[in-house]
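The structure tokens that follow cover one protein chain in two forms, given apart as structure 1 and structure 2.
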Structure 1
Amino acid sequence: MPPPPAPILHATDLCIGYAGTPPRTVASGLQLRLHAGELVALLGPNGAGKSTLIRTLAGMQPPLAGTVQLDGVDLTALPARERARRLSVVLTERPAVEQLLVRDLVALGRHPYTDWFGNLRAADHITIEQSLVAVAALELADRPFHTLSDGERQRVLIARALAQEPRLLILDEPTAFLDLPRRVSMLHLLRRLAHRTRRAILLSTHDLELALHTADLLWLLDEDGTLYTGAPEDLVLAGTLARVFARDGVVFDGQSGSFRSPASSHSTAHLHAQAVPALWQIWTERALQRGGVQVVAAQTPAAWQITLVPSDTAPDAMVWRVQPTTAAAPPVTCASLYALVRHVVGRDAP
């Protein structure tokens, strides 16, 4: 078996924080590796030090101790121009710049390659074009940057970072200002970029569920400065995610991979759903759970009997027949889960 390829970024015994009297250590003893072609998501509660770690790895602030090696060279010893050819960043701050075309903004990324005046050669123009294509923003090339939407701006800023032709791309909360569908496509875009262009991409994010689905590796920074690394699924199975994000009244549901506030259940129900699509059963249970009704097994006594039956009117839809177990009331048919929950929690009662 050949030896594993050398990591692009290699941090040894890294101690991050702020020099001063006294120095404030955010995290220490970090051992980090970033490999080509991998998308790594840095997660952690607010205030754990994600930004400090990002800034240290990007060479924007010096480490308190330990070393960061980029391509085997110490980051602090690397001349600024050489560093810029290996590493580029997309920052959280949204630059406000008037009267600059998207193409010209992306061209700024060629800074570490151009001459003293910033003249662009044919090869530079090709790289700029390719960078725009990589983020699907070529059609924005001749538009002024300040007229773009948040999602378009973020893509253009990534194109600028790509124009630096880096081995490592670091993004500080690239999804912060985007709506949910754009967050999903942004992370998938970055994942594609990492895999296709054999770059290492490190991003910090608060979108835990999204990171679970897209990242090759998670770096989980705890409030006490401990860093856990592993594939998302490894960290779920080890219970690390649940532990790091443990907060009063919030639990991590390992099955769905999401956080929720445990609703205290005050009632129970039997759910009869034979030969019913699984999706209908799952979402019925979720709706009931949200309303505080626990679905229990047939052996356990329950307050309600709920049956899923095909709808008479709509071909692919189902309706819910609901009846109390004890009282001799006739079954009520609910056409939606909204109606079902209202009925069960008694909001329909006079």
Structure 2
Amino acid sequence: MPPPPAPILHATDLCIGYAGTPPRTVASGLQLRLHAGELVALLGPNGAGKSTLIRTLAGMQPPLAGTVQLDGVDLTALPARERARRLSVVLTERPAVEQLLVRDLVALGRHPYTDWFGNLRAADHITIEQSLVAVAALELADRPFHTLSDGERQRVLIARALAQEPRLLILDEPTAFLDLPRRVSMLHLLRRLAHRTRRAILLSTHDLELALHTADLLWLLDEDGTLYTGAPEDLVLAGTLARVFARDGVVFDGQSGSFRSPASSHSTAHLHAQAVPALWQIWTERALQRGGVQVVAAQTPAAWQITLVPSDTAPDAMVWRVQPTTAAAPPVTCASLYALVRHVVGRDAP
């Protein structure tokens, strides 16, 4: 059996932080590997040191101890030109290139390959166009950068990084300025780039749930400097995600794979949803939970009985019949989850 391929990025006994008297250590003893074709998401609570780790791995600040190797060569020993051919970085800071045309901005990624005068060859122009095509931005090529939307700008900056033809692409919060649909699109774009081009891609993000769905591996940096690595499912099943982010005031639901704010339970309910599409039951439970109502098993005492039944007036729709279990009262029919939650928590009648 052939040996596994060597990693593109390999950090050994890495200590990150800031020099001084005394130095401030953020994390130490880190052992990291990143292989070709992998999309790795770096997660962690605010202040855990994600940006410090990103900047150290990108060679933008020196490690306090340990080594970072890129293709088996110490990162600090690589000449700047050679490093730029192997590694490209996209940061959250906006570059001061507002007046440049998109094509000219992406062309900046070819500087590690041009002569002293920055002359572009035919092959460079092909690479620039291919980079724009890879991020679906070719139609933006002749527009000034300042006329682009946030999502378009981010795609163009990634195209500039791809024009360097790097082995490793590092991105710090690439979805920071994007709305939800564009965040989803951006993460799926990066996943496709990693898998199709066999590049190693590392990104830091606060999009926890989106990272769970798109990343091949997670690097989870805790506030105490401990770094956990593994597939998203590994860290879920081990309880690591729930434990790390519990300090950040959120609760991780391992069954749904989502995070939620902790809510005190104001009441309890039995939910009956036989022969009802599962989606209706799932979202009913979510709405009740958000309102502070805990759905409990049938054998557990509860304050409310809630039954999902087909609507008499709208095809393929449901209504909710709800009545208290501790008082003789006729069921009340709620036509929406909003009305149901308000009724159960006593804020309003349906």
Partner chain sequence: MAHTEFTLGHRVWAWWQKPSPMRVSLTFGGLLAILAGAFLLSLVAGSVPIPLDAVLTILLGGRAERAVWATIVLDVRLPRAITATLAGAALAVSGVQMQTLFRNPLADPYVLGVSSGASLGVALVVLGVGAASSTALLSVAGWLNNVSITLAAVLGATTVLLLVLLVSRHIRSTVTLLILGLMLGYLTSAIVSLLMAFSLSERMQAYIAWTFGSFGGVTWGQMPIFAPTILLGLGLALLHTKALNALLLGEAYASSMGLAVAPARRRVIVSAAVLAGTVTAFCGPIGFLGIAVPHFCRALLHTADHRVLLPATITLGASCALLVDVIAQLPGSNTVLPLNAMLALIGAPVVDG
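Think of the rigid core as the biggest set of C-alphas that the two forms share within 1.5 Å after superposition. What you are looking at is a predicted structure, and each value in this text was computed from that prediction instead of being measured. All residue numbers here refer to structure 1's sequence, counted from 1.
Working note: structure 2 is the copy from the form predicted on its own; the remaining copy is not. Relative to the superposed core, residue 334 undergoes a Cα shift of 2 Å or more between the two structures. Shown in the overlay between the two structures, fitted on the rigid core, is a CA shift at residue 272 of 2 Å or greater. Summarising the core-aligned comparison between the two structures, the C-alpha atom of residue 322 is found to shift 3.2 Å.
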